[in-house]
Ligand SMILES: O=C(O)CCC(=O)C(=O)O
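One chain comes next, on its own, written out as structure tokens in the form predicted on its own.
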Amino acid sequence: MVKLSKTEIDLYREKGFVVPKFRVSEKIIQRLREALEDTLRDNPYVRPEQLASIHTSKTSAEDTIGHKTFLDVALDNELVDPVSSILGDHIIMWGVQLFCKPGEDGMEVPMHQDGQYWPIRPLATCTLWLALDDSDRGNGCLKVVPGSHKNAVHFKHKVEHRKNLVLNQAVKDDRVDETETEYIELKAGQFSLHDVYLVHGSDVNTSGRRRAGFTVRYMPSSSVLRRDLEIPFAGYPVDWAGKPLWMARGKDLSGENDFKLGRGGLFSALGK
């Protein structure tokens, strides 16, 4: 079992993110890269930075065509174990996404808080960001405002109308000092963990090098995915009403999460 050290946990609590010393096995990285190539081929009309819900099969014209490998890896102990150091022993996996920035025109992700877009109450999620390619400042790695997660403050956001953005809202709040931005540079196989309230984003990629990241969202099972809540549009469609949930570990402490909705016939048509 892979657990974070006390120092790593303390860093996460203090800064809102951590890059553990542990690296995901080459076997898993290779499986994810192969699934990534399949997914890029199967979704030619979707921007590769906006491949959401790629762990599920296509259920509507707006959905991406997913791949079962992403679901299998998201529930693998190599990923769930370190997350349990943060969230405890009762964990729900609720979302998987690819952020694959092409080397010529990779889109910007404006500085934001994830919770701006998510109907989870109480709002709590640990995001695992796994590098499938080396990710650095040159090709648009993740950047964060350390400590911006403290006190669970929901900062003001403003709608952005630029067309070269992955998300359509950015933090516009005098309480956030973006001059303190820190860049999270990762080698392929490394990953970061970050808090739902952490202000973060990433720059454009015109380096000529692709930057692909595999992202998994986990929440403590004491939280509930509130399908009835209205939340801001993220810039691309997300079917919250039909989003499936998986127990990654333990049991549903809230007793209110629906684990049957959205699960019927997953991947039956894909054969993957």
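These numbers were taken from a predicted model, which means no experiment stands behind them. Start at 1 with the first residue shown and count on from there.
Another form exists, predicted together with the ligand; not displayed. Remarks below refer to it.
For a residue to qualify, one of its non-hydrogen atoms must sit within 4.5 Å of the ligand in the predicted bound form; all three of K101, D114 and H200 qualify.
Across the options 39-47, 215-223, 240-248, 23-31, residues that bring heavy atoms within 4.5 Å of the ligand in the predicted bound form belong to 215-223. Contact between T127 and the ligand in the predicted bound form is found at the 4.5 Å heavy atom cutoff. Proximity of L142 to the ligand in the predicted bound form: non-hydrogen atoms within 4.5 Å are present. In the predicted bound form, the ligand stays beyond 4.5 Å of every heavy atom belonging to H67.
In the predicted bound form, the ligand lies within 4.5 Å of some heavy atom of H194.
With the partner removed from view, the residue among V109, I86, V80, I184 that has a non-hydrogen atom within 4.5 Å of the ligand in the predicted bound form turns out to be V109.
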